[in-house]
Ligand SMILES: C[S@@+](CC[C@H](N)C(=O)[O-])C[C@H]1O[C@@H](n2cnc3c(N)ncnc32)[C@H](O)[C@@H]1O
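What follows is one chain in structure tokens, specifically the form predicted on its own.
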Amino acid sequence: MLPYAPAAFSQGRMDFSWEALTAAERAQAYADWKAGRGLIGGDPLRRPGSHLLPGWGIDLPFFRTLALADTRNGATLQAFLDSARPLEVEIGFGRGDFLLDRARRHPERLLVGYETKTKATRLMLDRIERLSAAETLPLAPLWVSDDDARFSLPRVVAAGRVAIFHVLFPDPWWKNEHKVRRLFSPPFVDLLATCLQAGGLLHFKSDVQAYGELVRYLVEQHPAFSPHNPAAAEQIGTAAPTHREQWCQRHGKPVWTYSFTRR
């Protein structure tokens, strides 16, 4: 297992509930998306300095969407995105165990990770550097961003470019007033469908059963996706568990896994 300082988790609230969306609720979800509501950290288009690279990220595998014109980082990332390497994207990599393991196991691929917690992103850059120095074999190119993927993906990744999306243990945003921050919504599923190539995989996990059911409902209602098929997870192969999944394993907590294929 990759070395990292331990952290505690709680079980969290388990009263997550949802109902099928009405036409008005779907319309509101698209209106919120268009207005940039719910983005973690706020809309970068309205945030001063979001077009600038922070000093700590220069010449490292880090990007911010509105700073891609800065060739110190953006040109290298763009060259990888323009290559034929299969692209995997993890949204919400946390401390990065899963994504770093993918880089070690699949050096032929390109990996992109999003994590809105800037501190976690900086720690991930440090882990990438330390793992690269320790490995005798090359790692896959691995780039990270502290942008909200909902803002970044349509501006960075071409349609049909992604082979696999990993969304592992996203925050359920329990409170009703925080629903707009939930990652999964009808327009987000549209975005995943646009970015995934035909036959591509959406790999989702949660330790909140009702949230998994909501995700299944939203994805399976979309015409671009086939219904959940556990056999599709074979595309992942052997992989390290996330930090949250390790906690669930230690405490005997169930995890719900879903695999959706792009038609």
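Residue numbers run from 1 along the displayed sequence. Because the structure is a prediction, the values reported are computed rather than measured.
One more form of this protein, predicted together with the named molecule, exists but is not displayed; see below.
Note to self: Counting any heavy atom within 4.5 Å as contact, can you tell me which stretch out of 103-111, 87-95, 69-77, 123-131 lines the named molecule in the model of the complex?
What the structure shows: Of the options given, it is 87-95.
Check: Tell me, which of 189, 157, 139, 183 has a heavy atom within 4.5 angstroms of the named molecule in the model of the complex?
Finding: Checking each option against the named molecule in the model of the complex, the one that comes within 4.5 Å is 183.
Checklist line | Exercise: residue 232 in contact with the named molecule in the model of the complex, heavy atom 4.5 Å | finding: Flag for residue 232 set to no.
Check: Would residue 168 sit within 4.5 Å of the named molecule in the model of the complex, counting heavy atoms only?
Finding: Contact with the named molecule, yes.
Note to self: Is residue 53 near the named molecule? Define near as a heavy atom within 4.5 Å, in the model of the complex.
What the structure shows: Output for residue 53 is no: heavy atoms all beyond 4.5 Å of the named molecule.
Notebook entry, point to check: Does the named molecule come within 4.5 Å of any heavy atom of residue 117 in the model of the complex?
Noted result: Contact check for residue 117: yes, within 4.5 Å of the named molecule in the model of the complex.
Note to self: Heavy atom within 4.5 Å of the named molecule in the model of the complex: which residues of 123-159 meet that condition, in order?
What the structure shows: The stretch 123-159, when checked against the named molecule in the model of the complex, contributes 147, 148, 149, 150 at the 4.5 Å heavy-atom cut-off.
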